[in-house]
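For reference, the chain that follows is the form predicted alone, supplied as C-alpha cells.
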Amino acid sequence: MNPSPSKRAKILVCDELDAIALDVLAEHGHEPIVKTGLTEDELVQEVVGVDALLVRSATKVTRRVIEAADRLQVIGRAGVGVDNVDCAAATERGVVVMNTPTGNSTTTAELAISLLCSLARHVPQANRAVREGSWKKKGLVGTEITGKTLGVVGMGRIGRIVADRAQGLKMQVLGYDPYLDPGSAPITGVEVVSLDDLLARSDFVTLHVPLNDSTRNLLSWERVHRMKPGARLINASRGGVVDEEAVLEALEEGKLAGAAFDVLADEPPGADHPLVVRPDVIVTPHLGASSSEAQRKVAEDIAHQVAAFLESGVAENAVNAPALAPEVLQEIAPFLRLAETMGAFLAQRISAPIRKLELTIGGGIAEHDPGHFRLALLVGMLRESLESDVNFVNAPGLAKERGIRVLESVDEDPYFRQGQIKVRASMRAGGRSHVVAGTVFGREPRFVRIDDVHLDLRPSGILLVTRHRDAPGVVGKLGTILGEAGVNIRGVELGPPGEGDDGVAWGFLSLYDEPSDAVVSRIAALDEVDEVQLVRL
C-alpha cells in the first residue's frame, strides 16, 4: 500500500460511531460519509469509489462487498472482534483490516468485576424483589469476596486488568493461560496454574478468551463439573466458550451457586431461555464495551488509525496482513494463510507451551521479507489461546512476553520452486519437536509433511489425528465409528511406521463435521489406537 498523503480520501462510515471519529477524519482533510443500516445489496452499491470503510459490529463486510469495492484500501473496525469482516477476502484483494484492541479493555474488565460483586450479593434478585413489593432478606444471603479466590481464565489484556482489580478487592487470584508456565506470573501476586487446578480451587471463575475452534466449549461438561462446589461463574468474553447446558445442569444440581453471562452462544436469547429464567443467573445484553468512555475511545482510535494509514501507509493494529503493495499481497496471500494455519496446527498439536519456532522459507516467496511469514505464523499460533486482539502488529510483543523465539532461514534447494514453508516447533524442556511443512497448489495451501509423514493435506476444517497400530482393518474401524455418528470423511492421509515406531502408524482424517466427545472417546478406546486428537483449522 502506498496511500497518497495529499489525497482527500472518501471514507464510508457504516455504523453509529461517536462524533469524535468524524471530527478526527475531517481534521485530516478526509471526507467521511455516514450511511448506517445498509443491506448487503445497498453496501455493494455504496462501496464503489470508497477508500476506507469504518464499521462496528452491525455491518457485515462480506466477500461480495469487498470484491465490489474498486478503490478500497482499508477496513477499520471500531472494537476488537472482526467476525463481521471477511478477512481472507480482504487479504486477497490487498485490503488491510484493522481493529482497536485497547479501547474496550478496561470497560470489559470492570463489567466482569461488577458481575462478580452482583453474584456475590444477589444484587439483581434483591432489586427485583423490592420492585415487586417485597422487603425480605430471605434467600438473599450473600458472600464476602474478601479473601476468596478468583480464577482468571485467559491472562491477556482484559484478564490482567481483572486480576489487578480483584487484588485491590483483597481477593486471591489464580491465572491460567496456555502460553504461561505454571509458576510464572504476568503481574505480581497472581499464581499461574493449570486450568483444572484453577477450576478446583476458585470460588469465582471469570473467562477472558476469544471464541475460536480451540476455545469453543472450553468449559465443557467435564470441566464445569470439576469446579469447586459452590463456585460462581462469570462469562463476559464470548458466547460459546462455555457449555451452557452443563452450567444449567450444575446449577440445578447445586454444584454451582450462581452464574453471570454478558454473552451467550445465541444472541439475543428467547424469553424462555433456561438460563434467563433462573433466579441464580444474571444475564446482561452484551454490555462489555458499552460505556461512554469506551465508545468514544474506539471511535477516536479507529479514526486516527485509518487516517494514518491513508496518509503514510502505517497499518497500526492490522489483523490480516502487514501493509504491502496490493500486487505483492495478492501474490503471497496464500502463503501467509499457509503460515498462519501452520501456527494454529502446532499450537493445538503441542500441549506444552511452545518456546522455539524454526521457520524455513524456500522458492519464489524467499524473495520477499521473511518477516511477513513470521508474523503470520505467530498470529495463527497465538490466536489459538489469547484474546482476539492478536494481530500482525502486536504478535511479536506477545510472543516475546511468552518467551517464544523465532529463528529464520532460507532453503537454497527447495523442492517446490514456487514456494514452500517449513516450521519446527519445540518446547522449552524435554519432549520432541514437531514439524509441519507446506506449499501452495494454485492458490490453495497444502500440508506436505507432518513430522516424518509425507502427505498431501488440505489444512481446513476438522482434522482427526490418530496414532494407531499398522494393521489391516484399523482405518475401517475408525470409519465405522464416524459413520455411525453421521460424520462424513472428506479425505484420509496415512503415514507408515518409521524407524523405532514399533509398528505404529499415523492417520490424518479430514472430516466434514466435528465428532462429539463421545465419538472421539469411542475411537480412543479401540485397542489398536494409542492416540487421538481433534485439530480445528
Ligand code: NAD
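The structure displayed is predicted, hence computed values, not measured ones. Heads up: residue numbers just count along the shown sequence, starting at 1.
What comes next is about the form predicted in complex with ligand NAD, which does not appear here.
When contacts are defined as a non-hydrogen atom within 4.5 Å, none of G79, N99 and Q295 contacts ligand NAD in the predicted complex. In the predicted complex, ligand NAD sits within 4.5 Å of a heavy atom of T215.
Contact annotation: H122 falls outside 4.5 Å of ligand NAD in the predicted complex, judged by heavy atom distances. Ligand NAD is not drawn, but in the predicted complex it has no heavy atom within 4.5 Å of H372.
Within 4.5 Å of any heavy atom of ligand NAD in the predicted complex lies no heavy atom of R337.
The partner is not drawn, yet in the predicted complex one stretch among 443 to 451, 410 to 418, 298 to 306, 230 to 238 has residues with heavy atoms inside 4.5 Å of ligand NAD: 230 to 238.
This chain is displayed alone, yet in the predicted complex one of A376, I158, V205, V242 has a heavy atom within 4.5 Å of ligand NAD; that residue is I158. Checked against ligand NAD in the predicted complex, the candidates V153, A163, V85, M342 yield a single residue with a heavy atom inside 4.5 Å, and that residue is V153. For the partner-free chain shown, just R402 of 394 to 423 comes within 4.5 angstroms of ligand NAD in the predicted complex, judged by any non-hydrogen atom.
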